[in-house]
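As a starting point, one isolated chain is supplied in structure tokens, in the form predicted alone.
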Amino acid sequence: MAMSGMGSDVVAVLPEVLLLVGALAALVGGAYTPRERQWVLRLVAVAALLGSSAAAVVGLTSPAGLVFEGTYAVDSTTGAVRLIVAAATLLVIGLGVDELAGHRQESETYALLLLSATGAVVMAGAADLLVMVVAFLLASIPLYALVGQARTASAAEGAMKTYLMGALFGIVLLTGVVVLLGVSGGEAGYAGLAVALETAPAGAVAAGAVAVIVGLMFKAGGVPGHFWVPDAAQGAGVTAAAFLTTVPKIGAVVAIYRLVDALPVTVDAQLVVAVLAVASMTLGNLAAFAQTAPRRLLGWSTVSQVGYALLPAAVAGRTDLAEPAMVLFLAAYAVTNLAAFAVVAALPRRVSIDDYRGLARSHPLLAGALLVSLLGLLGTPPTSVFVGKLLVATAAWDGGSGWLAVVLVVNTLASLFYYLRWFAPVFRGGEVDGEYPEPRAWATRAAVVGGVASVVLGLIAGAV
């Protein structure tokens, strides 16, 4: 059902508007705010995120439909993504307060975070190929600046890889969009795309669909667009690393789901997504085995997690469980992954997993948050990722792709090694280089909040 009226359309996308206004306010306000008062812009960003969340909750009570002439979907999935992205970005800002407070680019960081978050939400709600392309760019371009802000050699390398990979996969994405527009007679809206492509040459439609999906894999951080993720996670500031491994992926995975669901049955786009999902979860796990740096390990971990998140898109249209499974998994992954990064942010000088030796005795609260986050990423009950993986596997089985559920279980068991390899030193006696320094206060709070949220969401979702 399409909604009409420019005024009602703007009201329907108020959560996105508030994020954009918050980004602009932080950007402009930063030019007139002394460095010692940049915390004011942090409050502006938080207010924008809270306002967006409130508007999203109100929007969930409205009937689902399409706005702006059928180019943007305002439904329960878009509403859920709005809330997940806003909550995740709030958690990112929380874990990054210690790192960003008084930084010369503090206000610019908040602006970039909100701009990229806006792009992620619009990507998830896009019901038109051209809107999806614009959202892809809006979510991508701020990341290049975020990764390079640390101004170190590793940050420069990460930023360069992110930029080059983004440019390459952006071209692939645009090429696919042009092909689909050409063979569909200029039809860009998802509502009419399936009908318009039914009589088009199957080879051209398949080529265009594959190119668009592969292009979106850059933002998802999965195979084959994953090469930048570990380097960016390792080289960027911890705030940027936490954000880029979480928020953009949410929008990209939902965008892939919507596209696959809109394509005609003459193209088996689900099989393409299934192959990419298996490749992502398998390669991510295999590469994570050899990692000793926590942030690089989490970078490869997020590649594997994208594979799990893509399973609902591999059975899109075949089971009613696919969409809720995807949304729940993305929410669970977001809070759990950010909890792990918050622990890393709280102890910035611990650059190896062996450096966490004795953490349980020195800082049991942080050790508990790390335990919950790592076991959560593994998929252990009662954490939310366990419920998410269970529902994702059930959706794959119910959608006639039981083999994907088997691959998920095998990869989950394989990931047990490197998650526990990080956590094992936490209980060993003795600290590295003497006593632990006092952990960063805001990052510690964010770690606890993320860990508690992961368990609570798991308990609620499990009960439902």
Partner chain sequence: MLSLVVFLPLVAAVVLAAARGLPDAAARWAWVVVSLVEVALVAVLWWRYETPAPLSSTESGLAFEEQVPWIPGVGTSYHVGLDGLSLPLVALTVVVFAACSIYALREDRRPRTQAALFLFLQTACLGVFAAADLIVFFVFFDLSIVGMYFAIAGWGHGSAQRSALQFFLYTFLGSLALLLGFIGLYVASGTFDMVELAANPPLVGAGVTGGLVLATVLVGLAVKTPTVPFHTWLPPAHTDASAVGSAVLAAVLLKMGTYGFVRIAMPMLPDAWRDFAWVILAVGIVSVVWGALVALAQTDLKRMVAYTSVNHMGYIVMAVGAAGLVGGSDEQARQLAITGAVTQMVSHGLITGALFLLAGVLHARAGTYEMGRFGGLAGRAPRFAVLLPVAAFASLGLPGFSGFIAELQMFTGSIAIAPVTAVALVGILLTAALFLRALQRLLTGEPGELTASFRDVRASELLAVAPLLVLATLLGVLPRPLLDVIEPAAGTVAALVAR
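As the structure is a prediction and not an experimental result, all values here were calculated from the model. Numbering follows the first chain given and starts at 1.
If you look for the form predicted in complex with the partner chain, you will not find it shown, but the lines that follow are about it.
Shown alone, this chain has one stretch from 341-349, 156-164, 386-394, 107-115 that lies within 4.5 Å of the partner chain in the predicted bound form by heavy atoms: 386-394. Proximity of residue 405 to the partner chain in the predicted bound form falls within the 4.5 Å heavy atom cutoff.
Contact between residue 364 and the partner chain in the predicted bound form is found at the 4.5 Å heavy atom cutoff. A residue is said to contact a partner when one of its heavy atoms sits within 4.5 Å of a partner heavy atom; residue 177 fails this definition for the partner chain in the predicted bound form, lying far away. At a distance threshold of 4.5 angstroms between non-hydrogen atoms, residue 380 is in contact with the partner chain in the predicted bound form. If you check the partner chain in the predicted bound form, you find no heavy atom from any of 228, 233 and 293 within 4.5 Å.
In summary, among the residues 263, 375, 80, 150, the only one with a non-hydrogen atom within 4.5 Å of the partner chain in the predicted bound form is 375. Checked against the partner chain in the predicted bound form, the candidates 424, 47, 64, 57 yield a single residue with a heavy atom inside 4.5 Å, and that residue is 424. If you take 398-428 and check each residue for a heavy atom within 4.5 Å of the partner chain in the predicted bound form, you get 398, 405, 406, 409, 412, 413, 416, 417, 420, 423, 424, 427, 428, in sequence order.
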